[in-house]
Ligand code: MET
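Okay, here we've got a single chain as structure tokens, the form predicted on its own, with questions on binding and movement later.
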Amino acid sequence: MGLSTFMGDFLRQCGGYAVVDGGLATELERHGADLNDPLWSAKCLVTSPHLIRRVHLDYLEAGANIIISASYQATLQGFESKGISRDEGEALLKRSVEIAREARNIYNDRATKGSWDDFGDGLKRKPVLVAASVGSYGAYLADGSEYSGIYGDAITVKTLKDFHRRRVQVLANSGADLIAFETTPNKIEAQAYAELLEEEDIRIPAWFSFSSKDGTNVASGDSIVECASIADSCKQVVAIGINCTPPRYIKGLIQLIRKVTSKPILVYPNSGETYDGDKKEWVASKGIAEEDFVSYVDKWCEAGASLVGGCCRTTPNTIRAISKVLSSRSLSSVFGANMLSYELK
């Protein structure tokens, strides 16, 4: 499958829409993990990989077509600061993808044994992709600066390329289906990713997703249109979108991104709560109920999104509900196409 047709082919196999998984860290905590650590969810790669596999499986069973590895906070520099050698750090990066692939294999085995291969009406079981997560430089700092994008004048595109280079090389050769550059907070990091993918001749596809606090700009204040344009110009990028952003801003952001790209658009917002980087906790005041979150999904699809999931504080229940909405959209489009072909006969 060529890079240019990769996401289009995948979306067709999914019926036109694909479901991205939901929040990882809060689910790990729900299963008993202690993430009070600069490595955050990546700590579980060392201490409790079985919990990561469990959460991936929960999301697959809820209907996710794409599961994202537990490597968002997993940087070689972050591991080294915890006394983990470079070689061990690289092995943990690969392990994050292996765990997701193991979950997919378990899910597919269960599905086959349960005769889920065919849902009737010729609809086959949908494919599952494993995306290797790359968090921003701000995520490595573990001070909440991925939510501000303010890195200071000393941090340049070259600094960021040097920071991310080896991690991207390792993840590109880890067996993942694509690389997810997540919660990108500013234009220079998007530029660094795009140049890195070209310079390293990365052969697997990527998506860029940005975070926004105001519905017009990314977290740093840079224009979402400019950021999306950088992503659009990179041949390895097969989808562009928004994550870890309040649901109320998503529709407008999709419309802005749509102005500068014809590539598929993905959205996986947070629950609408706010993260306090100083206290390292979520402030629940503006969160929205799961049913309200899901009520947005049709609007996002109508605005142009074709991949939808959840980010921080969303759960398998959120993803199950999103999956139902997208399945009904897929079924109605299949039904409509069948009616049209019937009328043309």
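All of these numbers come straight from a predicted model, not from anything done at the bench. Sequential numbering from 1, following the sequence displayed.
This protein has a second form, the form predicted in complex with this ligand, left out of what is shown; the following refers to that one.
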Exercise: C244 in contact with this ligand in the predicted complex, heavy atom 4.5 Å: yes
Check whether Y137 has any heavy atom within 4.5 Å of a heavy atom of this ligand in the predicted complex, and answer yes or no. no
Can T183 be called a contact residue for this ligand in the predicted complex at 4.5 Å between heavy atoms? yes
Is C312 close to this ligand in the predicted complex, meaning a heavy atom pair under 4.5 Å apart or at it? yes
Which one, 142-150, 164-172, 252-260, 188-196, holds residues whose non-hydrogen atoms are within 4.5 Å of this ligand in the predicted complex? 142-150
Of 42-78, which residues get within 4.5 Å of this ligand in the predicted complex if you count heavy atoms? I68, Y72
